[in-house]
Ligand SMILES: Nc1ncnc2c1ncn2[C@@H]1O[C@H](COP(=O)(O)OP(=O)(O)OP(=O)(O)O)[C@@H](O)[C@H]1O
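Okay, here we've got a single chain as structure tokens, the form predicted on its own, with questions on binding and movement later.
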Amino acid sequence: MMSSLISIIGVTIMMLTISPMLTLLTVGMLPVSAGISAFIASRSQKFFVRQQNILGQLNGHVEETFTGHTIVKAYGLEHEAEAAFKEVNEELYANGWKAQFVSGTIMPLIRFVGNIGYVVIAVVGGVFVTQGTMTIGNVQAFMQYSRQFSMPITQLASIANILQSTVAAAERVFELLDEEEEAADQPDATALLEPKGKIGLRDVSFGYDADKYVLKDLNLDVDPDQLIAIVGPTGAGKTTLVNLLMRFYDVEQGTITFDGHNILHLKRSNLRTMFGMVLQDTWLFEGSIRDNIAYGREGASEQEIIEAAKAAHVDHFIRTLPQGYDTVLTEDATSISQGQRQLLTIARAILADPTVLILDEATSSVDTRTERLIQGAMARLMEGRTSFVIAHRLSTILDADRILVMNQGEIVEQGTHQELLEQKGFYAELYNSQFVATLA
């Protein structure tokens, strides 16, 4: 760009010294070239944009099919997966050649305009020579300069398809960059140095969509070391409440306090260090078992990692592996069972030693024996700290200090297990329905 810019400036000066009239004719060709380029680019750009979108769909289809190849084979849908790939691939081909063809017409048209200008300069220059106002040498020199003047424009036209493809790709990148950022911590945000685990909710309402609330006017007080169980049907807002506590989302109405401090006035990083989470959907990173457990606390010693594994009843299993704690887990840890993955995440939470523990349906997908091991590990983990347990199996939360029964975003009942049974309300109906189903 720099060399082309300097060349155009220098060539323009030389042409002006030879003939201002011919220079005007040469420069007059620029709007024509620019108009042609803009017209064709506007037609071809939609094909480039569509091409990038389809390329994203194709890559997504390939990744999904490869990742879920076991499911594809189990249901015998290989041909359907191939047909879907072929359909998207053909659409990509169709848009690709259209984009290249339409964009590829820019360069020959620009050259055509340049050649017309070349002929015009030759004719007008010849007229000037016959009139005696210019010499043949000056006309020849001017024609050479006009070629140099149009050369950068021709070069730009030759890579127009690359530039348009780049612009189309950039639009997808900027679409991601333009997404709304997570709100920064407030300037006066503080950090709690000695958290106790007292949590309060006052008139909390929240919805992922502005016109549809998931939680409505929640009020709750949780004292340190209490075990709070949250039950209710799917979609009642149980996990949403946990997301608000950890500020994955900020409340729209009402306040949530931690040890009397509004969590909006606390630093997110500090707030989240006070929580430990064991989720229904476990996640282990590609790396050694030691590293996955140590992820719970930076700088943890080997002995602390082993003690956490023992507390989670997973140490024996780890030692049966050929490399023990150095065993490398593959992506998504598919080389070990779901129950073993769950125990490793509990060991990670034990090592983190959080002030508040959140257990989100941590035993829903394991066998009864493993569930007992997990419950034993979680019982040890919950000692001396505030705990929230989200459960569908009500038999796992009978000893909770308080049970919150949620339905349609509201706390409809709360109390101990026995108190709620005596009320013969929504909780009693849930509890009895599980046991009736079990007996049946």
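A residue's number is simply how far along the shown sequence it sits, counting from 1. As the structure is a prediction and not an experimental result, all values here were calculated from the model.
The same protein also exists as the form predicted in complex with the ligand; that form is not shown, yet it is the one meant from here on.
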item: Among 322-330, 236-244, 338-346, 297-305, the region lying within 4.5 Å of the ligand in the predicted complex by heavy atom distance; value: 236-244
item: The ligand contact at Trp97 in the predicted complex, heavy atom, 4.5 Å; value: no
item: Contact of Trp283 with the ligand in the predicted complex (heavy atom, 4.5 Å); value: no
item: Proximity of Leu271 to the ligand in the predicted complex, heavy atoms at 4.5 Å; value: no
item: Touches the ligand in the predicted complex: Tyr208 (any heavy atom, 4.5 Å); value: yes
item: The ligand in the predicted complex: contacted by all of Lys198, Phe275 and Ile411, heavy atom 4.5 Å; value: no
item: In the predicted complex, the one of His392, Arg50, Arg402, Arg385 near the ligand [non-hydrogen atom within 4.5 angstroms]; value: His392
item: Sole residue of Val88, Leu264, Leu227, Val214 within 4.5 Å of the ligand in the predicted complex, by heavy atom; value: Val214
